[in-house]
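One chain is shown next in structure tokens, namely the form predicted on its own.
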Amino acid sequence: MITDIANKIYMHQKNGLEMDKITIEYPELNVNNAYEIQRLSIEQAIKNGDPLIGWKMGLTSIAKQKSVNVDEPIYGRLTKSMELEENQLSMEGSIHPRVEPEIAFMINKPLFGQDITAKDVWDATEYIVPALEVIDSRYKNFSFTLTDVVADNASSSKFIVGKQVNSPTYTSWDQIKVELYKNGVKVQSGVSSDVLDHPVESVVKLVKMLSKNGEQIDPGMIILTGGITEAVHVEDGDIIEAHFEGIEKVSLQVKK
């Protein structure tokens, strides 16, 4: 059953097709089952030539956790096809995309285990870049339970990172003010401390969560630490621009 669900989700992810929540047909599924479904579905992608290049965190704000009645974030997997080389997002293959600004860590040493610390993460960080993540649930009406969203790879879809790489010591990474603009109008704002008080703590939490499932962060992987603002719905013709104070602007143009 778990494998069949994973195969179904993979096909909907690959083809950008809507589906009903899996918990409708399988109400007995729990979050542990969902992470196994996630692993198996992304294994399909990897087997089909789309390698794993990183991880992402979701539900990294206390407010978001409370809104879905959980007490910890969720994680998802990033594959090569998700990374946008140009600042353009095609609506082809998208269902109901939303965009949010994030801080991304590039890791150059293995990170694993329950006793991981922020110092360990800093020591393993090659550089930090601003990013925009496109989330796009495969479920109808962007409606799901926690189990559903974990199984659907935490709504992972696409992402783009900034051109300017920054040293871990470049600035106070918990004090980055971010403004998100849609077609020239400011629609969201936030500060990077909204991500578990500090983006580095998001990576720490990720490592601890992964270790429970026998996983780790490998050298060369990129980590999206979580949305700094609410995600903004986009459609054909929209231009999204995130202003990361003291760093750079990252933009995305939506096309058919």
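Heads up: residue numbers just count along the shown sequence, starting at 1. Everything numeric here is computed off the predicted structure, so don't read it as measured data.
If you look for the form predicted in complex with hexanedioic acid, you will not find it shown, but the lines that follow are about it.
Proximity of Leu59 to hexanedioic acid in the predicted bound form falls within the 4.5 Å heavy atom cutoff. Contact between Ile128 and hexanedioic acid in the predicted bound form is not found at the 4.5 Å heavy atom cutoff.
Proximity of Lys64 to hexanedioic acid in the predicted bound form falls within the 4.5 Å heavy atom cutoff.
Using a 4.5 Å cutoff between non-hydrogen atoms, Ser155 counts as a contact of hexanedioic acid in the predicted bound form. The stretch among 78-86, 137-145, 107-115, 168-176 whose residues place heavy atoms within 4.5 Å of hexanedioic acid in the predicted bound form is 137-145. Think of it this way: in the predicted bound form, hexanedioic acid has a heavy atom of just one of Ile74, Ile160, Leu180, Ile103 within 4.5 Å, and the residue is Ile74.
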